[in-house]
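The form predicted on its own is given below as one chain in structure tokens.
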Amino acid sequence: MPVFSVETPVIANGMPVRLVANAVSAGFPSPAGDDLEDEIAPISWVVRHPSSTFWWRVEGDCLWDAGIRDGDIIAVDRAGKRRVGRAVLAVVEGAVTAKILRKRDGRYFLAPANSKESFPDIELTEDSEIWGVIAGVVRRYDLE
């Protein structure tokens, strides 16, 4: 997973958000994770081009291996560079889909990222349109 530097201070709804500078252990707990160093606004961190970014709710699990799940909200950046290997939101034959942009034998297509289920690749045609690059994902967990 890529790591991005964070510009400080980061503001969300006019308020600075505290950022824990240390990595968190997803296995054994670390007693040294008490230091707060920087501030971050999560949405501002994801949205790098506000005027060209829009949000879309994901339906389905074809990007499971890319960390994008059914019900997640993705930030789609129309100014993002459309490169092979990046997750994109596209319209193919009138249907909106989120997949990984791939190239094979000189042709571009959209591929799923789910090793546990079988989703078909979708070849891009002249009528296909890539709306943007997926810049980030927001997931909300149940707290009840």
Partner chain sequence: MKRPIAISDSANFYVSAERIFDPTLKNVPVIVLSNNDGCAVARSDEAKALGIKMGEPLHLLQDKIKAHGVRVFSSNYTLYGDISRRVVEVYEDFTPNVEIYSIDECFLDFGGFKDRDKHARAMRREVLRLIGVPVRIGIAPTKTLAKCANDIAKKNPIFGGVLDVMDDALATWLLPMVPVGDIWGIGCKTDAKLQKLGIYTAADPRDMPTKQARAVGSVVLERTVLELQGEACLAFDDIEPQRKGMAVTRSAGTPMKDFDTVFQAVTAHATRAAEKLRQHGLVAGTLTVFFHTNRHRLDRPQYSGSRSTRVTPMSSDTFDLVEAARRCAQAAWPKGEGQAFGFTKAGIMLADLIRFEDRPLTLFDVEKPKSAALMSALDQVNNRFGMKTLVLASEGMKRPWQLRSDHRSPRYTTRLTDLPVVR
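Residue numbers count along the first chain shown, from 1. Just so it is clear, the structure is predicted and the values come from calculations on it, not from any experiment.
The same protein also has a form predicted in complex with its partner chain, omitted here; what follows describes it.
The shortest heavy atom separation between E59 and its partner chain in the predicted bound form is within 4.5 Å. Contact between E123 and its partner chain in the predicted bound form is not found at the 4.5 Å heavy atom cutoff. The closest heavy atom approach of R48 to its partner chain in the predicted bound form falls outside 4.5 Å. Under a 4.5 angstroms non-hydrogen atom cutoff, its partner chain in the predicted bound form lacks R102 among its neighbouring residues. Along 62-93, a non-hydrogen atom within 4.5 Å of its partner chain in the predicted bound form is carried by I73, I74, R78, A79, L89, V91, in order along the sequence.
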